[in-house]
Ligand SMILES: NC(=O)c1ccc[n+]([C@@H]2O[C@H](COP(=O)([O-])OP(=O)(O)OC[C@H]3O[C@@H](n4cnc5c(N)ncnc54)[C@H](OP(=O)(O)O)[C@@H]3O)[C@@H](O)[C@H]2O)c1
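Take a look at this one chain, the form predicted alone, written out in structure tokens.
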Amino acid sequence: MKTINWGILGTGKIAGKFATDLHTVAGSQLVAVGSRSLESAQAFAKENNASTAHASYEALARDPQVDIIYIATPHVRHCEDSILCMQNGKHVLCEKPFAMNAQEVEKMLACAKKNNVFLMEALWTRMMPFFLFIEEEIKSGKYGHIQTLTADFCFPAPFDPAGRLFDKSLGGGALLDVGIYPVFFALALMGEPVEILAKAKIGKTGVDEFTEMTFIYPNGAKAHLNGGITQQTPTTATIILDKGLIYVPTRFHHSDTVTTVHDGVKLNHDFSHGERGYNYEIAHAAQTVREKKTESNLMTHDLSRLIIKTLDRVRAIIGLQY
């Protein structure tokens, strides 16, 4: 197995979690990190056993030992930072949301094609065993069609007007940070809705603190979704189908348990994993690069397009502009 050398661009909280799981993945190794300050890069490299610390994102993008770079910067930088890396011939795994809007996503995809490099949105749920199981259960047809999907992801974040979640200039707000998970769940399992209803509470910093959405499908099926950063909800998902239901407990976006009810038989399915769960997307991205493919067969470019297009539709309805 060819070893894939990783770089991490950004040294925030998500970067640390990613680095911890990366060390558990066979055939992948962290070799470099890039930050806007040498001090931050060196501290992160020391803590996460990376051999090289770069004092700029540009230096990391040019590092010849790096095969693929994980983008862990704030939402508003995803497009710019991904393009910087791809223009230097690096494969890219970019944290969700892929970018701020569909126009930026198209720029990223065009750059990936031009430079013949792998590009994938790091929406870790897509690669997790529990989600692949749900997908296969529904595809089997034994449950019939989805009638209703309900999913929520809200948590009470401490209010900090300069923090990532509440600062509009950083792409803050509930929809792009946590609302994207219920949106993804519906889109991946039900496809594109014909109609979207949405309403939001816009806070004093100008970001959505709570967004509630209903996706309506041609066959009458509906998805009821919400995301928030000022209150607590169960953070579960329930899928009601013609001949049963599928329930995902908290937190549904990286669960290790799924409950199914089919023909009156209730079963609990265990998908326990020792790591945080980033290992699945890391292994998948590395293997796709190993196979010299430029697109994931799971987190496809078209799925990322659909997600950002849908987020754009919701933002237009609730009047949220960046």
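Just so we're clear, the structure is a prediction, and the values are computed from it rather than from any experiment. For every residue, the number given is its place in the sequence shown, counted from 1.
As for the form predicted in complex with the ligand, it is not shown, yet the points below apply to it.
Peer 1: Under a 4.5 Å heavy atom criterion, is Glu95 part of the interface with the ligand in the predicted complex?
Peer 2: Glu95: yes, in contact with the ligand in the predicted complex.
Peer 1: Evaluate Lys46 for contact with the ligand in the predicted complex, applying a 4.5 angstroms cut-off between non-hydrogen atoms, and reply yes or no.
Peer 2: Because no heavy atom of Lys46 falls inside 4.5 Å of the ligand in the predicted complex, the answer is no.
Peer 1: Given that the ligand is not shown alongside this chain, does Glu209 nevertheless sit within 4.5 Å of it in the predicted complex, heavy atom to heavy atom?
Peer 2: Result no; Glu209 lies far from the ligand in the predicted complex.
Peer 1: Contact with the ligand in the predicted complex for Asn226, defined as at least one heavy atom pair within 4.5 Å: yes or no?
Peer 2: The answer is no: Asn226 has no heavy atom within 4.5 Å of the ligand.
Peer 1: Should the three residues Tyr57, His75 and Trp124 be counted as contacting the ligand in the predicted complex, with contact defined as a heavy atom within 4.5 Å for each?
Peer 2: Verified in the predicted complex; spot residues all in contact, yes.
Peer 1: If contact means any heavy atom within 4.5 Å, which of 170-178, 126-134, 105-113, 201-209 contacts the ligand in the predicted complex?
Peer 2: Checking each option against the 4.5 Å cut-off leaves 170-178.
Peer 1: Going through 277-292 from first to last, which residues have a non-hydrogen atom within 4.5 Å of the ligand in the predicted complex?
Peer 2: Result: Tyr278 alone.
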